[in-house]
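Presented below, as structure tokens, is a lone chain in the form predicted on its own.
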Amino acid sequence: MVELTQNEKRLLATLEKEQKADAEHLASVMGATPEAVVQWAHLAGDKGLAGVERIVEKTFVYTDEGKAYLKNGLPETQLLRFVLPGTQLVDLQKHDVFKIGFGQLRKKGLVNVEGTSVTKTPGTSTDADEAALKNPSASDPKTKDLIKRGILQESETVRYVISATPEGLRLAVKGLDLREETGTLTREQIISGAWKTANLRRYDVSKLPKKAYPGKIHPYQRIIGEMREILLEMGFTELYGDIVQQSFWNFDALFQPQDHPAREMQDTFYLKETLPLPEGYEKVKAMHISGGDTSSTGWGGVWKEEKAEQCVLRTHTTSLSIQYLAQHPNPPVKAFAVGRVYRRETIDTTHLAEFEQLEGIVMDENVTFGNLLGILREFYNRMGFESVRFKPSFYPYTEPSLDAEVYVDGIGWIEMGGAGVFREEVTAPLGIKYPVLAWGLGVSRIAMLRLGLKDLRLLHKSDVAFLRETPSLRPTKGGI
């Protein structure tokens, strides 16, 4: 015996009279929505009792511009009326539709222009264009041209036609129990025993339930939150700071020369605002010019205060780390920042003009380069990357420097970010006498690998399907 839900029974009983009908009509008869009727029809269709036909119909909608042309005629039709024997170009330029209309007349070869004289091409007419405007057709090339011109818009409508199969009709004729079903028992029904005589709804436990899409945090934000949690568990303090930073802290305090390519307009968003230099900036200036009181020779050349005073959209979160060190020159220091940074990048699948960066610093009496490798390995292990390796690299404000890479199945080794020990030229002007380990990692790159994305832009698009199907992330088990 075929088990049917109450709504499937109601649908078959209705189809016994209607035979075949649109979902909208059936919905009005049954007091339901068309979407619900289609769902019931599919359920009955799985049992061979109903058929569902999906019919797609194309219609054309007039834009505001199209509505005006439908009333007054196309611009070329309106302008063609004024092309009379002896008409000059200057005469046509007086009309509002000249710019659009004259271009269309020339494009379609409806007029001839000799010097300043304009004449109609013999036998020309816009009747076919006007007919396409009044009665658009998907097979008419002129209709397609009107769509390109923004006069018409193509719209698709979908309707469903539902019918009962012979087996469905046989069941309907035989008679169906249309008594109201009880889907949920109340406390009173259980206590009184009324449930014994209730018409209980039957459930098919083999059917998958309807998918539920609860509200949840964006996958990218969840990964950023996971990184924060890992570093806080490792004993770090989180730093916060402004997006707008002074060039002094963004570049100069990090021993980047004022003529460094990264400081040029093609890489940095400069603002018209300026800020006064902090107290003691002269030590940084001396470091750039001559190496100050250290064994360094500096960069030489000229160091300009006005260039250091310029404000920029921060190009890295290291600007927060160096300011924190200036305020806390004595050990121990363990701090990190996760924030958005800005660079003048060409946007593509792997580059954005704004992105997140994870920055960290450790300063203590006896920390070494080996401690830096251990911290990075621990972090990546906890993020779910089992294989981590390091290779030598170069950065203006660290020495020695390295690039961290992780291994991803099916892809290989992926570079994740840079790290190193702050150079003496960075720490000495701030009065720091102990080694400072520092790193900057790409947050979006980690997110792409964790989420299996190939386009960085998907992290910032409101793609409902992506948000729904991406599972909630759980903390990965890892660590040394």
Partner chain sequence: MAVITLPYKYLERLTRTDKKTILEKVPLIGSDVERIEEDHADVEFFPDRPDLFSPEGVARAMRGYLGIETGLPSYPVKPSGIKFTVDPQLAEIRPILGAAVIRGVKFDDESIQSIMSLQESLHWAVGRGRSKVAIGIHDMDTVRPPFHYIASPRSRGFIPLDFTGKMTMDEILEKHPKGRDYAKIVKDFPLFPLIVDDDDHVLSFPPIINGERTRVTIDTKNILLDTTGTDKRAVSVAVNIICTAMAEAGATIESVEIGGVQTPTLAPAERVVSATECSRILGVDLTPATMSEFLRKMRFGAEPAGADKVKVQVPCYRADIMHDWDLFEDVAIAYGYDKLESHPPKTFTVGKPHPVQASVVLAREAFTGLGYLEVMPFTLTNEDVLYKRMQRPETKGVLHVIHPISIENTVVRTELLPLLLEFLTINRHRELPQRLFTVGDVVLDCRTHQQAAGVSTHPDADLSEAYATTDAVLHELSIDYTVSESADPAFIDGRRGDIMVNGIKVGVFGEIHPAVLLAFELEHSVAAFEFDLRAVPGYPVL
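Rigid core: the largest C-alpha set superposing within 1.5 Å between the two forms. Residue numbers count along the first chain shown, from 1. Since the model is a prediction, treat every value here as computed from it, not as a measurement.
Missing here is the form predicted in complex with its partner chain; even so, the following discussion is about that form.
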query	finding
Contact segment among 182 to 190, 357 to 365, 148 to 156, 406 to 414, judged by heavy atoms lying within 4.5 Å of its partner chain in the predicted complex	357 to 365
Close approach of Ser296 to its partner chain in the predicted complex, 4.5 Å, heavy atom	yes
Contact of Glu399 with its partner chain in the predicted complex (heavy atom, 4.5 Å)	yes
Heavy atom of Lys17 within 4.5 Å of its partner chain in the predicted complex	no
Touches its partner chain in the predicted complex: Ser472 (any heavy atom, 4.5 Å)	no
Selected contact from Gly103, Pro329, Gly374, Gly384, since only one has a non-hydrogen atom within 4.5 angstroms of its partner chain in the predicted complex	Gly374
Residue (of Ala131, Val113, Ala194, Met234) lying close to its partner chain in the predicted complex, criterion heavy atoms within 4.5 Å	Met234
Within 375 to 397, the residues that have a heavy atom no more than 4.5 Å from its partner chain in the predicted complex	Ile375, Arg377, Glu378, Phe390, Lys391, Pro392, Ser393, Phe394
Displaced residue check between the shown form and the other one: Tyr213, CA, 2 Å or over, core reference	yes
C-alpha of Leu453 off by 2 Å or more between the shown form and the other one on rigid core	yes
